[in-house]
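Next up: just one chain, as structure tokens, the form predicted on its own.
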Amino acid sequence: MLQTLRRSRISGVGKFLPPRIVKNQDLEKLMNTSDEWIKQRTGIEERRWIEPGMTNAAMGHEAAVQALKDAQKTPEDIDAIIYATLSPDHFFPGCGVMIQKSLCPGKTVPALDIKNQCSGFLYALSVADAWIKSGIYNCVLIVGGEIHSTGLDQSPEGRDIGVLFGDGAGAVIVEPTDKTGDGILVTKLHSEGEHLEKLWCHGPSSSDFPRLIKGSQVIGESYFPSMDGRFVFKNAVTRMCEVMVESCQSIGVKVKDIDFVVAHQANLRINSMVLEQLEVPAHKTLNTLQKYGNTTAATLPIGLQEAKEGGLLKPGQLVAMVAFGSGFTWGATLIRWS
């Protein structure tokens, strides 16, 4: 007789944002840009950037502590760690073991690092969900953290990318639920590597010959992110709409049944167009882009924390998360919130 799979739920959320606020007016002094230009094209008004000495893993630690407290758990309860980021503190090892060291010293829990950019948190959540369902683990910590500011072109020519991104971390605790119909209902994930060069950072690369020159530090244009904005915009809208519909159809619900949407925050015009095409009213979502910018893998857990803190997430609600990012990768998750 087949054993019924368990269902998992998000039981705790947390976030950490660096205290340094960088407004659009501050960037006017560095780049060929303006507050009006940035707001009109992206919706961003300010973002958080780290000060020297702050690390990705340190931000992730603080977010994890909040998530544990929210879930009424301790570090001793953690069975596994998943860390999603495109900006790890080091080339290797990843940030996962750093969280293990700082949060669970002496407890040799497994640590997995995931690099799926803006979709990273959803990919991580799908892994945690599978681990819980299969009974392998009972308490999984997921952290999404990013430090973009130290890798952006802050010269006058850097406005196309340099104004978009912020630093920060978000975390969730995933554990089993015994309530019928609650928890993570479905996650749908996709990728399309054909268009990877439309949004990417080519260097530094292990395919460079040589990768490094001892005693020399050469920073070329390829070390900064590049993007075909119009192409990415069009694909983001199309794919986010598609995967939302796909997710709903897979469990027999309609998009109109969704009570709240936590969408990736890359551009307010993208999100507005997605919601408009799906006929989801604006009051069913929360935007954090204006004050944090694009924090890639940290965006969705930060949004969840702010939505919960603001009383926007209530038990029984059908909550959707959706993201699109470099790779291209994209996905959506439906949760019966509890």
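For clarity, every value in this text was computed on a predicted model and none was experimentally measured. One rule holds for the numbers: they count along the sequence shown, beginning at 1.
If you look for the form predicted together with a small molecule, you will not find it shown, but the lines that follow are about it.
*Candidate site 16, 64 and 174: all three near the small molecule in the model of the complex by heavy atom within 4.5 Å*: No, the whole trio is out of contact, none within 4.5 Å by any heavy atom.
*Where does the small molecule sit in the model of the complex: which of 153 to 161, 87 to 95, 182 to 190, 100 to 108, heavy atoms within 4.5 Å?*
The contacting stretch here is 153 to 161.
*Of 262, 124, 236, 139, which residue is found within 4.5 angstroms of the small molecule in the model of the complex when only non-hydrogen atoms are counted?*
In short, 236.
*Answer with one of 258, 241, 227, 71: the residue that has a non-hydrogen atom within 4.5 Å of the small molecule in the model of the complex.*
None of the other options qualify; the answer is 227.
*Is residue 330 a contact residue for the small molecule in the model of the complex, using a 4.5 Å heavy atom cut-off?*
No - in the model of the complex, heavy atoms of residue 330 and the small molecule never come within 4.5 Å of each other.
*Non-hydrogen atom contact residue 80 with the small molecule in the model of the complex at 4.5 angstroms*: The answer is no: residue 80 has no heavy atom within 4.5 Å of the small molecule.
*asked:* So in the model of the complex, is the small molecule close enough to residue 41 to count as touching (4.5 Å, heavy atoms)?
replied: Residue 41: yes, in contact with the small molecule in the model of the complex.
*asked:* With the partner left out here, check for me: in the model of the complex, does some heavy atom of residue 32 sit within 4.5 Å of the small molecule?
replied: Although the small molecule is absent here, residue 32 would touch it in the model of the complex, with heavy atoms inside 4.5 Å.
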